[in-house]
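The chain below stands alone, shown as structure tokens; this is the form predicted alone.
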């Protein structure tokens, strides 16, 4: 199996990134697909595209995805209020929640978006070694069978136009939640046209919130809330352990009025 990864930049700023885990015979198709995606991103034509192909030497970790929870909110104000409630149920301190929201709203890298994620402990301290790059959960994908299950569920919910966003976010959130020490994740997209984001954890699942920012806002990113981690081991597993989602965890309902 091979990890095929793409990142694209313009004016030394991150535009897009994506990745696949594929058999040798599917490398060419994956490279072509990722190159086309880099060239057609809404944030503009890249000036630099890097596509890497790497044979996976480490055994692939097979996992079930987090369950998918769909929610309804009217706007980003309601969305952030829901995110706060969800994170509070997971025992994330309010000061950490507010700091995380402020970082994603204003740009965690001195006003700019990061390629990777913020790692925040329960004191609100940032632990990522590089405060401009962050850490990037990598080497992950979803199997064809699990992708088909997810696609059917998303189609039934009337969200097929967002399939790529939801699928990739669910896979990433599943890997992040599987790493020991992760309590929760808060994320929303930095794509200006996509307003959705999520709160994810092993306890709650992947809770999609359709509005966590206003349309046209190009700020976004992700925060991993952690506790009792060895930062080197944590970063190594997040960035290097290959994970393949082999089964979709299904659609789950939670009572929002009881949060």
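Residue numbers count along the first chain shown, from 1. Given the structure is predicted, the values throughout are model-derived calculations rather than measurements.
What follows is about the form predicted together with a small molecule, which we do not show.
By the criterion of a heavy atom within 4.5 Å, residue 142 is excluded from the residues contacting the small molecule in the model of the complex. The closest non-hydrogen atom of residue 220 lies within 4.5 Å of the small molecule in the model of the complex. In the model of the complex, none of the heavy atoms of residue 54 sits within 4.5 Å of a heavy atom of the small molecule. Mapping the unseen interface onto this chain, residue 191 counts among the residues with a heavy atom inside 4.5 Å of the small molecule in the model of the complex.
Between the options 82, 103, 146, 135, the residue in contact with the small molecule in the model of the complex by a heavy atom within 4.5 angstroms is 135. Comment: the small molecule is not present in this chain, but in the model of the complex one of 63, 196, 226, 30 has a heavy atom within 4.5 Å of it, namely 196. Proximity to the small molecule in the model of the complex, taken as heavy atoms within 4.5 Å, picks out 109-117 from the listed stretches 90-98, 71-79, 109-117, 122-130.
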